[in-house]
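Let us start with two forms of the same protein chain, each given on its own as structure tokens and named structure 1 and structure 2.
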Structure 1
Amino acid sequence: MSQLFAVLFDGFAYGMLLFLLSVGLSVTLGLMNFTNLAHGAFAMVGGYVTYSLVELAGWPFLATLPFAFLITAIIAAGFERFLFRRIYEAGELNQVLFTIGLVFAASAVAAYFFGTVHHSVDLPAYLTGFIEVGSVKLPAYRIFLVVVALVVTAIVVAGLEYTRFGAMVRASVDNQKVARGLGLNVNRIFALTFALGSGLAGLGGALAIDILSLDPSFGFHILVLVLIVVAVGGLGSIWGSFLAAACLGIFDVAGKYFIPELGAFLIYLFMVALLFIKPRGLFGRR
């Protein structure tokens, strides 16, 4: 039982990492109707911000996390203002082609400045050991990931569901003309929403370095995973993404541990089976 609990917790912690990486895409894709495949590139930006501050500037790991969020959000706001805003009404195909092209460009820029090798960061000692829970030893860093994911979930849900800003976002998405007629600055609301979603991607990228490692292809590696989380959870549902990420993480880790010959395939099997039953995902609103 202790072994089973350890595997399940490890899977849940991995799922929380997937949630942190995908929650921003759930915001931009689910609320803004914008197919942003460049989401992985913004996660990579946050990863390289943390790597640079920890390994090159000597900052403590935890002190870099707010900057990974803020710098990524600022960069994303610039891209939204000068590039993405022009293709909001261009159709899904144009959005896909444009944003996936940005991932290739970001990968080339990262390779030029940081090389093509895998990078990691030195974690503080209190995040590298184990914490005993009864007879089970749980990795401290994965406990930290779970705590951060729960805090982010509470903040994002409260901000989008129970605040005036969240109401303005939903109004702007549902009917831009009416929203503008009511005096809302739709362009500013979309810019802030996009910056928020991309900043969360940067935070997820920073936290993923120790588990997934960091290289110029990072944006491609996580793209399929975050799309699966958003699809299974359902567009526009933060709780759906949370539950989908938890289930996928547990399926992935438990499958690789107990059925190694099929482990890597189980999350895809789970996705296909669930979407066959519920095409809109677990809590899809549309």
Structure 2
Amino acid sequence: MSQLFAVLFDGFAYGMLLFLLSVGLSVTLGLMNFTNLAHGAFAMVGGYVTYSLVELAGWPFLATLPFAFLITAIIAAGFERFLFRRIYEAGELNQVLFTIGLVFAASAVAAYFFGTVHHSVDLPAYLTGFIEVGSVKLPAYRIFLVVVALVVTAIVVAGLEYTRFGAMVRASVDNQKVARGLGLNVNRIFALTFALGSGLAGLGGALAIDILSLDPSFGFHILVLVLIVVAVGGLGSIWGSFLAAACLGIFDVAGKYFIPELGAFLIYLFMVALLFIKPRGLFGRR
């Protein structure tokens, strides 16, 4: 029983990591219909920022996280302003291939600077051990992940629900034409949302170093997982992404634990079936 609980919790924590990695893409895809497969590459940037600061500059792990967010967000804003903006009207296939090209190039650049080896970071002692909850021992880092994810979710949801900027984002997701008609600067809203969403991916990338390993192919590895979360959850839906990420995490971890030979197969099967029945995902509006 406690073993089952530990596995489920492990999966949930993994799901929360996936949520952090995906939520930005869900919002930007819902907002601009821009199919950005380079989202995982931005997560990789965050990972390497934290790796560099911890291992090369000697910073404490926690202090690097805001920078993983910020630096990724700034880089993403640059790409949005100078490259992505040119292909918003270029059609899905061009967007897919352009951003895949970017992942290729980014992975090569990462290999040039950091080598092709796997990297890890030294975590502070209070994040490495186990914490006893009732009769179960849970890994401290997983608990930390869940807490961070819940805090981020709260901030994102509150930001979308209660701020002026959030209201503008929601209006633009709902109906871009109407939003433009009301005089909202949808381009600027999108640029900012894109930067923030990519920043979250950067944060997720930093937090992912200890769970998935960090190497130049990171952007590819998480891409499929991120896309599954976004597609199944439904574009532009925070709660859809949350639910999809949690389910995917639990399913993946529990599947690998209990039915290792079928785990991944079942996930793809489930996704294909769900998208066939509900092409807009669980909570997609468009």
Partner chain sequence: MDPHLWLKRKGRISPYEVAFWPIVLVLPFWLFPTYLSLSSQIAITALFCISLDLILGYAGIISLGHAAFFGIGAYAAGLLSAHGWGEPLSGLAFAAVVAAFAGWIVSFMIVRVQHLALLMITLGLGFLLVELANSLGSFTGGADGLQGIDTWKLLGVWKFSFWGKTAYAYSLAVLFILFLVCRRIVRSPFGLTLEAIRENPDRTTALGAPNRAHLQKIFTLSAGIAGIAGALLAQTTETVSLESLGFQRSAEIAIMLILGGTGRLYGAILGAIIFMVARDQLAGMNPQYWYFWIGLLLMIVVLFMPRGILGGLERLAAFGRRR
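The model shown is predicted, which means the values in this text are computed figures rather than measured ones. Definition used throughout: the rigid core is the maximal C-alpha set that superposes within 1.5 Å between two forms. One-based numbering along structure 1's sequence throughout.
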Seminar exercise, completed: Note to self: form predicted alone is structure 1
Exercise. So, does S120 move by 2 Å or more at the CA between structure 1 and structure 2, with the core held fixed?
Worked result: no
Exercise. Once the two forms are fit on the core, has L150 moved its CA by at least 2 Å between structure 1 and structure 2?
Worked result: no
Exercise. Is there a C-alpha shift of 2 Å or more at V109 between structure 1 and structure 2 once the rigid core is superposed?
Worked result: no
Exercise. By how many angstrom is the CA atom of S172 displaced between structure 1 and structure 2 after fitting on the core?
Worked result: 4.0
For this session: Fit the two forms on their core, then tell me the C-alpha shift of N185 between structure 1 and structure 2 in angstrom.
Result: 3.0
